[in-house]
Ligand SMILES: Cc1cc2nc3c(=O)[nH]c(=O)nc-3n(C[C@H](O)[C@H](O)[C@H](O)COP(=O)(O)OP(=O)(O)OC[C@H]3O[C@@H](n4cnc5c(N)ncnc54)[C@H](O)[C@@H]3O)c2cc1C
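The form predicted on its own is given below as one chain in structure tokens.
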């Protein structure tokens, strides 16, 4: 009889439980504004429409409808019988944001959104620079939530400053004992409190999104029970995804890579494909 040999356990399926939410367009009022760091401004939204707001996963996003930077007009769709109805006339101005969970002792009918004050001037930056307590916005989503994968013993998290809310949620939700490695393209001094929020992980800071791919290569082995999440500038994310799939040969179910924004393109759709692996 041949000698028995130890078999390698199969890689996990990286199942992420999903929860669907009833989609609504909610009115919200700015209840607080504060600086998280020199480059990040936090806007707290509240109001009765948020009483049943729920965000359960680190990749959740809401669509924030913003006033026109020139006229101040706020245009938002409505939901009729489960269908989103866009208003006639002016098109809504909307941007996607990762909502941040509120502390347990705080008002449940509130949420925080962080705005990165980067060099590109657009409706979101103009809003963040002018925002004041009492301003009114509209918000839709999240349509659904996906939790962290099951049966993992490690996380690799990659992103630029726009991904910090999501990265911090991944770090906070990591299983006890999991090895968490983070690569961030941002000025550590500029992101203020986020440097501490990521403190539970091993963090590598790089200067530019284009530097992320070399930092990912420098991480070394990514084991079969480690899940990889990456988000940020779409061109840099395409390079990161290509590296993960081609160079490191990770299966598609082991990674989630998203482009949040793209150089030279306004209102980039984060659902857009990043190109071939």
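The structure presented is a predicted model; accordingly, all values stated were derived computationally and were not measured. Residue numbers count along the first chain shown, from 1.
Not on display, but discussed next: the form predicted together with the ligand.
Using a 4.5 Å cut on heavy atoms, which of 76, 171, 124, 186 is close to the ligand in the model of the complex? Only one option qualifies, and that one is 124.
Residues 153, 225 and 245 all lining the ligand in the model of the complex, heavy atom within 4.5 Å: Per the other structure, none of 153, 225 and 245 touch the ligand.
Is there a non-hydrogen atom of residue 130 within 4.5 angstroms of a non-hydrogen atom of the ligand in the model of the complex? It does not: once the ligand is placed as it appears in the model of the complex, residue 130 has no heavy atom within 4.5 Å of it.
4.5 Å heavy atom contact, residue 263 and the ligand in the model of the complex: Heavy-atom contact with the ligand at 4.5 Å: present for residue 263.
Is residue 267 close enough to the ligand in the model of the complex to count, meaning some heavy atom within 4.5 Å? Yes, contact at 4.5 Å.
With the partner left out of view, is residue 159 within 4.5 angstroms of the ligand in the model of the complex by any non-hydrogen atom? Taking the distances in the model of the complex, the answer for residue 159 is no, it never comes within 4.5 Å of the ligand.
Which of 175 to 183, 143 to 151, 115 to 123, 79 to 87 sits within 4.5 Å of the ligand in the model of the complex, heavy atom basis: Contact criterion met by 115 to 123 only.
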